[in-house]
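First, one chain by itself in structure tokens, the form predicted on its own.
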């Protein structure tokens, strides 16, 4: 029952994300727009390239959706509203997100097209650069909570949210989450102006619908992780726990979309240089600061 309820809330969140994305991109608030777009997409023919690696071509979009759903399984919407409250939940989240890379490499390689392949290898370069910007902030969060259980991490923020306790970690995790979801300005794997869609260029019909659904679930999952690790999760006055979680997740999602609207796309060389030269040292500094705070202020 809990699993079905979480999946239902996730589906509602994905739909609201589609409405919000259309509103921010086109300036039109239409509640029915995502439904019409989905129907139109599902009604199109699913074209297969001439010489694909059929296994990779078919599995890529499905694996993207599965990886995003697995990561969502350890995100708590309330103390009791979580699919899997694992003892290593934060570690499981990171492990599940690692398969996003595999999915995009498959989606880039499978169609046997130049644009798609470049998009897939671009994402590989991105992940190698900012993967530690996901792991290291999670490490600092777990240090304060003295636990990898995601519900324990939320409970540890009862007196002070981590966005205040470790703002540097929040900034790094937020940026890395946008990169992992390949949202603008980190949308190098798709890069419509350069690669004509990149990893999704050769997909159409049902396959493209699954790919885009997987990406939307991924965005909601990463927004949920941000709310869990840094915004106190379900904590808040008056309203039910799960409503506070939903509000925070949608606010983080809106912030991610708004950043992409106003910041131009970053060149891949600049992104890699900034992650290696500045991001990782700052993530190490964040761990050091949190360690000092834990010792000085138990």
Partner chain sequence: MIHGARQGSLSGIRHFFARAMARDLNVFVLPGLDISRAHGIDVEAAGCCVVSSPRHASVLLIVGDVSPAICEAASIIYAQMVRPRVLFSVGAGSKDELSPLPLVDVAVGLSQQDLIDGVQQVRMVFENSAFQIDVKDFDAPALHVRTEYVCPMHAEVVQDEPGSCPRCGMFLVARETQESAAKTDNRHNEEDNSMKNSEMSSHDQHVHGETAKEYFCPMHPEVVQAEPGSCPKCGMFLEAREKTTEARTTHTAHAGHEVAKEYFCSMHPEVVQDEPGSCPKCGMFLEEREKTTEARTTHTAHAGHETAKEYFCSMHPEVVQAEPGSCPKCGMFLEEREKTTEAKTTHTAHAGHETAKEYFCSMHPEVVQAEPGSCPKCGMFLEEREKTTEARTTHTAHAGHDTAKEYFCSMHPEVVQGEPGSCPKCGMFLEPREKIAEAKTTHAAHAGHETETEYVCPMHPEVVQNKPGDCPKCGMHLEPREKQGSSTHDHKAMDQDNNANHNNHDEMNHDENGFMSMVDVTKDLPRSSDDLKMEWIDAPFGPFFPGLPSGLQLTFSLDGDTVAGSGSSSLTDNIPLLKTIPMHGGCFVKHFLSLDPLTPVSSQLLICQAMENAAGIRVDANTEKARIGALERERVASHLNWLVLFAQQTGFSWLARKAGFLQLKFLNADINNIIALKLDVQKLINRIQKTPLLKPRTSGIGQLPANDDLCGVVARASGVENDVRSDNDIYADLGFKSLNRNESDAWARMQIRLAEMLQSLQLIEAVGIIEIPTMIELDEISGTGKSQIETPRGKASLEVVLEKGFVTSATLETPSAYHIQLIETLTSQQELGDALIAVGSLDLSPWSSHQ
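Positions refer to the first chain, counted from 1. Every value quoted in this text rests on a predicted model; they were computed, and no experiment measured them.
One more form of this protein, predicted together with its partner chain, exists but is not displayed; see below.
When you look in the model of the complex, the only residue of 118, 132, 73, 149 with a non-hydrogen atom within 4.5 Å of its partner chain is 118.
Scanning 243, 263, 62, 251 against its partner chain in the model of the complex with a 4.5 Å heavy atom cut-off leaves one residue, 263. In plain terms, the part of the chain that comes close to its partner chain in the model of the complex, with a heavy atom within 4.5 Å, is 206-214 out of 139-147, 74-82, 156-164, 206-214. Contact check for residue 168: no non-hydrogen atom falls within 4.5 Å of its partner chain in the model of the complex. Of the heavy atoms in residue 103, none are within 4.5 Å of its partner chain in the model of the complex. Contact check for residue 237: no non-hydrogen atom falls within 4.5 Å of its partner chain in the model of the complex. A residue is said to contact a partner when one of its heavy atoms sits within 4.5 Å of a partner heavy atom; residue 47 meets this definition for its partner chain in the model of the complex.
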